[in-house]
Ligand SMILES: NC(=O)c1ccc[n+]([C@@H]2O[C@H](COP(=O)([O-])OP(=O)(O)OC[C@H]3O[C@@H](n4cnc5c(N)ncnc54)[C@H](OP(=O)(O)O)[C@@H]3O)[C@@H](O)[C@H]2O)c1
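Only one chain comes next, encoded as structure tokens, the form predicted on its own.
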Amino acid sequence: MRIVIIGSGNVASVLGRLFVKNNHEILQVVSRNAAHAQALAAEFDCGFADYEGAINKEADLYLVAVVDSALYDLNNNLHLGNKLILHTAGSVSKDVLKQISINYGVLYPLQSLRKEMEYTREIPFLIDGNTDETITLIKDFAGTFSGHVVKAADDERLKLHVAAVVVSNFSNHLYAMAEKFCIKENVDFKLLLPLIKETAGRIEYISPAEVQTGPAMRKDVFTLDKHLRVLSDHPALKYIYLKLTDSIMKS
């Protein structure tokens, strides 16, 4: 496929590399910031433009990888006739693109992506399109770079996006809070890394509910009280600790 990427951030960078690696061609990078577009275009050896410039109309596919709120402004100055256009958002309906082209859909990577990544783990893609023919085309395209492609309607994708925030963004925030706690208390956060990996690895084969451990699960009030005393100088973490302890006890 010949592709124009609209966006120059994390998703645009990682997916662009994935496309090129699997023999697709990037024709142009378009971004609100011309310098950002130029930098990513240099990596792909292709053209670039900002939103005021001319978009290449020779592509087979236009991939929009921008922040969710920006998707609602695209149809003000982008009209592609019958060209296929896809966005990459988890929580935005595919119909946000219906004024831009008669062929549109979604290619949502269910993975945390950062442009600094030196390699890409397996990325599941949730796809959807406005017609059966479009869905088939998107599925075939996604199948060239992922072995895990699943059709998901707007409501399903939104629910999975919510779950993704819980398991990824919320978990990482807890790691950050724990790291801050360890630094302040002069203990080594890195000693927790094998535990983090072990906990994540278990749920590949077993339900998380079945492998829940810890003092809250055991209703070990004695240990919980000791922990809360240690957290007396960390009110934000203490609040989260109490809320999660209560949730685990009620599960």
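Values in this document were obtained by computation on a predicted structure and should not be read as measured data. Start at 1 with the first residue shown and count on from there.
Below, we turn to the form predicted in complex with this ligand, even though it does not appear here.
Participant: Should Gln111 be classed as touching this ligand in the predicted bound form when contacts are defined as heavy atoms within 4.5 Å?
Facilitator: Because a heavy atom of Gln111 falls inside 4.5 Å of this ligand in the predicted bound form, the answer is yes.
Participant: Does Ser31 reach this ligand in the predicted bound form, with heavy atoms at most 4.5 Å apart?
Facilitator: Ser31 belongs to the contact set for this ligand.
Participant: Is it the case that Ala70, even though its partner is missing from this view, gets within 4.5 Å of this ligand in the predicted bound form, heavy atoms only?
Facilitator: Output for Ala70 is yes: heavy atoms within 4.5 Å of this ligand.
Participant: Does any part of Phe189 reach within 4.5 Å of this ligand in the predicted bound form? Heavy atoms only, please.
Facilitator: Outside the cut-off, so no.
Participant: Work out which of Ala89, Val96, Leu84, Ala152 lies within 4.5 Å of this ligand in the predicted bound form, going by heavy atoms.
Facilitator: It is Ala89 that has a heavy atom within 4.5 Å of the partner.
Participant: Please identify the residue among Ala216, Ala65, Ile26, Leu61 with any heavy atom within 4.5 Å of this ligand in the predicted bound form.
Facilitator: Going through each option in turn, the one that passes is Ala65.
Participant: Quick one: find which of 101 to 109, 177 to 185, 76 to 84, 132 to 140 has residues within 4.5 Å of this ligand in the predicted bound form by heavy atom distance.
Facilitator: Stretch 101 to 109 is the one.
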